[in-house]
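Here you get one chain, nothing else, as structure tokens; it is the form predicted alone.
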Amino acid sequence: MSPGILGKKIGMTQVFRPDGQVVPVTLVKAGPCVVVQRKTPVTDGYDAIQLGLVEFAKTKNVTKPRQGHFQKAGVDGVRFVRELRLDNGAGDLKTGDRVLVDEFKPNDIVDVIGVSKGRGFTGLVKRHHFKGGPATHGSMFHRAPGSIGASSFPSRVFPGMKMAGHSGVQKVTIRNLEVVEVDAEDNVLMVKGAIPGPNGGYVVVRRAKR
């Protein structure tokens, strides 16, 4: 049994449960995936698999070291690769094995890992959720940062100070999401709620760890 699967976010919609409850879901084009490499405690010091999402990838868009890595494993058409740790006793996967979406069932609990949407250069209020200053009564302090450090001592800005800057494009993990439905024919996974990233973004769906 695979610890997870790779996929692409399609978008959000809603489904109706048998009792009439409306559930918001995110559609994920999950798989098919192939095991590119199997890591073992003897050779690598830990137990894991390297999964690759099978999709059309031009040779010119794949680096030569990665081409050699794929040829060694005997796999083609792989662009997105991620590594997933294996628990003790889950050592039945080997290089070349395929991982399909039917390994998941409704009511399974999963974690989804993706890269958040880019927001560009943003200020403190949007980036760090600062409250901001008064909006009226002649105040000239609305969305400014305020003090970023003392003047006389230590006369410098400490590393990690919350300031304006680039926001988004960060690795985000959403934990304990419910699998609502699995479409094995079209390789689609329906996950309850929202997941990080734009439509078309790559995601990792792994079995929940907590």
Partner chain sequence: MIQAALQKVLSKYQRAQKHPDFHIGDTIRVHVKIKEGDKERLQAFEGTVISRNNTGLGETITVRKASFGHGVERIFPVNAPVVDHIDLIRTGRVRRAKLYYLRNLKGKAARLRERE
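Residue numbers count along the first chain shown, from 1. As the structure is a prediction and not an experimental result, all values here were calculated from the model.
The next section is about a form of this same protein that is not shown, the form predicted together with its partner chain.
- Query: Going by heavy atoms within 4.5 Å, which of 60-68, 151-159, 46-54, 25-33 lines up against its partner chain in the predicted complex?
  - Reply: Stretch 25-33 is the one.
- Item | Exercise: E178 in contact with its partner chain in the predicted complex, heavy atom 4.5 Å | Outside the cut-off, so no.
- Query: Does A194 reach its partner chain in the predicted complex, with heavy atoms at most 4.5 Å apart?
  - Reply: So A194 does not count as contacting its partner chain.
- Item | Residues in 130-155 close to its partner chain in the predicted complex, defined by a heavy atom within 4.5 Å, in order | Nothing in this stretch is in contact.
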